[in-house]
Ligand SMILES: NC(=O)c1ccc[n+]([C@@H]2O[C@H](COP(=O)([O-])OP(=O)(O)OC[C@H]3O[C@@H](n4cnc5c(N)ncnc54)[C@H](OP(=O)(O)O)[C@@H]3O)[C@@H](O)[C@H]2O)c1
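For reference, the chain that follows is the form predicted on its own, supplied as structure tokens.
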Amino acid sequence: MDLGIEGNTALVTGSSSGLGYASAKALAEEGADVVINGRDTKKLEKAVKELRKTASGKVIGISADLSKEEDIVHLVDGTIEEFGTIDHLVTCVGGPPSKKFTATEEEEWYGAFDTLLMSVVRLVQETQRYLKEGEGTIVNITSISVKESIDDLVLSNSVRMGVIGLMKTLSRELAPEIRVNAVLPGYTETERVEELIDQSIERGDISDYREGLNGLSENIPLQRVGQPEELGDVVAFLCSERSSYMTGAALPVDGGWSRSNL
């Protein structure tokens, strides 16, 4: 299926690995010019090289810390300098630490707020004028935890809800020029899930990685965790003209894990 995004420009944040990387890969393979982002310069350079192997469009990397306003300005300015416009904004940031409420310090709350929510606010502020002139889509990668809370992820459960509230508001305020949607990934085999499993091993909850992966799959109707490219394909679809009548939607990509009716 031709998604009709060849020649478009996409800025994908938090994309040197994981779900952001998978989203950038799907967009680049469809012919979009893609800017990827991360804080680790060496990791970012490696990701650019890998993406270029299968990309039909151009791929560049710009290092930026999404918790810093000046870095976001630098990221957007660099994208405009290279490509002249931005048609698609895909926001993705790494998840906060796995913790219980009683073990979470106040500064960690503020850190999660800056990283998870304010990064999206600032990115939209900086890109909306370009998005209005182009194809105009925003896709926020959040978490299935906005529908059903997950044990020991109090920061993600709480703060990511703000991103969904922002998404719904923007889908009305920025219409009809810009469509705004979100994807809610469930358990997907990324570095983040590997980190959560490792933390469970350290706590003595499980004995090894395979046990952790099997444990995550137990309550998933499709009987497995997802793969990053499965999420990336959904993101590319939401950026494309094939989803032209979709805005304000929050799509679970979780193998059926969530039991919520809405």
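Model, not experiment: these values are computed from the prediction. Numbers for residues come from their place in the sequence shown, where the first is 1.
There is another form of this protein, the form predicted in complex with the ligand, and it is not shown here; the text below is about that form.
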Query raised in the report: Is K58 one of the residues lying within 4.5 Å of the ligand in the predicted bound form, judged by heavy atom distances?
Result: no
Report task. Answer yes if any heavy atom of V180 is within 4.5 Å of a heavy atom of the ligand in the predicted bound form; otherwise answer no. Result -> no
**Report entry** Any non-hydrogen atom of R52 within 4.5 angstroms of the ligand in the predicted bound form
**Finding:** no
Requested in this report: Would you check, heavy atoms only and a 4.5 Å threshold, whether L19 touches the ligand in the predicted bound form?
Outcome: yes
Query raised in the report: Which residue, E211, D40, D198, D205, has a heavy atom that falls within 4.5 Å of the ligand in the predicted bound form?
Result: D40
Requested in this report: Taking 4.5 Å between heavy atoms as the contact cutoff, choose which of V48, A64, V234, A28 touches the ligand in the predicted bound form.
Outcome: A64
Report task. Given the ligand in the predicted bound form, answer whether the residues H88, V120 and K132 all have a heavy atom inside 4.5 Å of it. Result -> no
Requested in this report: Look at the stretches 188-196, 121-129, 100-108, 162-170 and give the one with heavy atoms within 4.5 Å of the ligand in the predicted bound form.
Outcome: 188-196
Query raised in the report: Going by heavy atoms, what in 84-102 lies within 4.5 angstroms of the ligand in the predicted bound form?
Result: C92, V93, G94, G95
